[in-house]
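First, one chain by itself: the form predicted alone, in structure tokens.
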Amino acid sequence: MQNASPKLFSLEASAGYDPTIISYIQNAAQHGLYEIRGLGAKRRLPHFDDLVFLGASLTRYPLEGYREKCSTKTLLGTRYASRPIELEIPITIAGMSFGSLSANVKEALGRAATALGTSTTTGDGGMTSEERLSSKTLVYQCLPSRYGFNPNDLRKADAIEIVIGQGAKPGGGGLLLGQKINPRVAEMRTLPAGVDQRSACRHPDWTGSDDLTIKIQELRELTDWEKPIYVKVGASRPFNDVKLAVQAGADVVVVDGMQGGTAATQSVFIEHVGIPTLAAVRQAVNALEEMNMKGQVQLIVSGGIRTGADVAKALAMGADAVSIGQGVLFALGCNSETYLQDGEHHPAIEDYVKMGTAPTYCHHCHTGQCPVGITTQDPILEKRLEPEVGAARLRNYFNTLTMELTTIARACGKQNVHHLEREDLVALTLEAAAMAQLPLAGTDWIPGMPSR
């Protein structure tokens, strides 16, 4: 009998050195440079997908969707501000800068937010006239770079967000490569045009929470105690960071998990620094509850919020609102395959090919060559995103999220989306159960905690 063919061990991939790792090593050896890219983590992380709701049956009474209302109104900044933020929905637009995004996109964000009754956020680099004129409710970011910081613009805003860190790169500063620094961006940031910009990783005005307290007081005095003060932290040690932010006087704390995106940073930051949003929410809520500040200080959660189900789960875990960045870009047309023009292929398709990528796989936000005109300052490319068209797409997206959110809330018997609670959720995996401190589905067991 003839022996069987020998097993081809050479075709088996190594777990520790799979094709991705081998490619990384060979690229590093060839160029001696780390990778810089945009958007968020590519690998699978524990997420809200690992949770499910316990819809009403005999033990709970559901609401009739066509007859019984479910409120989505949201109030932010009630602790000290004389003019807290009143929103129609608990879904806001995250800070994304002019420089990272085109002026047309910033206008589209403002138009959509105004129509939806929610807020948008300036991002690094200052306030553009397009965004202020189109946004009814605008949050002004104060970042370590101080790029574009203008006290007069700050007074024009409706809230102030002090950015300590970002979920995609906690402990790291921002990047804006020279190809995106056109003369207008350079003037706003007081930088030379066409030169790479690397932001500071920490604020020059303070070295600890005591100094942050002084800065918050200064900003309150500057705005006559009218504006809510947000403090945003990248999720790494959210339990202690939230406590320090509250102690320093924040009205609202924003916790940004590692699934959050960025315009540009080192891939090693995106993939290996910070903790998942799911774990961060639980720790942030624990901190507020331990301080007896739940309800007095509002919590906004960001980082990988994509669907109405994600929003509902964040609220049920204790958040007051969510903030979305990457989902907004995708709604505007980022990575879209559907561009057609007069029956012919849109030139964006050819531009994807030129960059060596394709829709769905593009992480080239940092290059300034965005084929759909979103993350660019190129005067030709940015025209591909018309503000009114982008605003309409974003309105549709947020309206869909809101309908999904209220559908879930009604199914759990809630007349207000803010009445969703932890008891409405269970976890599908051990990791999610431990991180979210929720029972594993079908049991009363929370890993790491005594059984009830």
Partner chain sequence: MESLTESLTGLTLDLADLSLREVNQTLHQPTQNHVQILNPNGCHNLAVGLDAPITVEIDGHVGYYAAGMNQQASVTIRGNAGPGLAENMMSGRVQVKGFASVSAGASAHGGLLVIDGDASLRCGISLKGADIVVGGNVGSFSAFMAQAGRIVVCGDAGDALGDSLYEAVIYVRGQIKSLGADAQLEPMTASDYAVVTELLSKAEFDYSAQEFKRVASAKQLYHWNIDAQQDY
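Predicted, not measured: the structure shown is a model, and the values here were computed from it. Residue numbers count along the first chain shown, from 1.
Same protein, other form: the form predicted in complex with the partner chain, not shown, and the subject of what follows.
At a distance of at most 4.5 angstroms from the partner chain in the predicted bound form, none of the three residues Tyr80, Ser209 and Leu244 contributes a non-hydrogen atom.
Though the partner chain is absent from this view, in the predicted bound form it lies within 4.5 Å of a heavy atom of just one residue from Asp196, Glu337, Glu86, Asp378, which is Asp196.
Note on the partner interface in the predicted bound form: the residue among Asn150, Thr307, Gln296, Asn240 having a heavy atom within 4.5 angstroms of the partner chain is Asn150.
Contact check for Lys136: every heavy atom lies farther than 4.5 Å from the partner chain in the predicted bound form. In the predicted bound form, the partner chain lies farther than 4.5 Å from every heavy atom of Leu58.
The partner chain is not shown here, but in the predicted bound form it comes within 4.5 Å of a heavy atom of Ile36. Taking the partner from the other structure, the partner chain in the predicted bound form has a heavy atom within 4.5 Å of a heavy atom of Asp224. Judged by heavy atoms within 4.5 Å of the partner chain in the predicted bound form, the contact stretch among the candidates 43 to 51, 58 to 66, 28 to 36, 391 to 399 is 28 to 36.
In sequence order, Ala200, Pro204, Asp205, Trp206, Asp211, Ile214, Lys215, Gln217, Glu218, Leu219, Glu221, Leu222, Asp224 are the residues of 200 to 224 having a heavy atom within 4.5 Å of the partner chain in the predicted bound form; the partner itself is omitted from this view.
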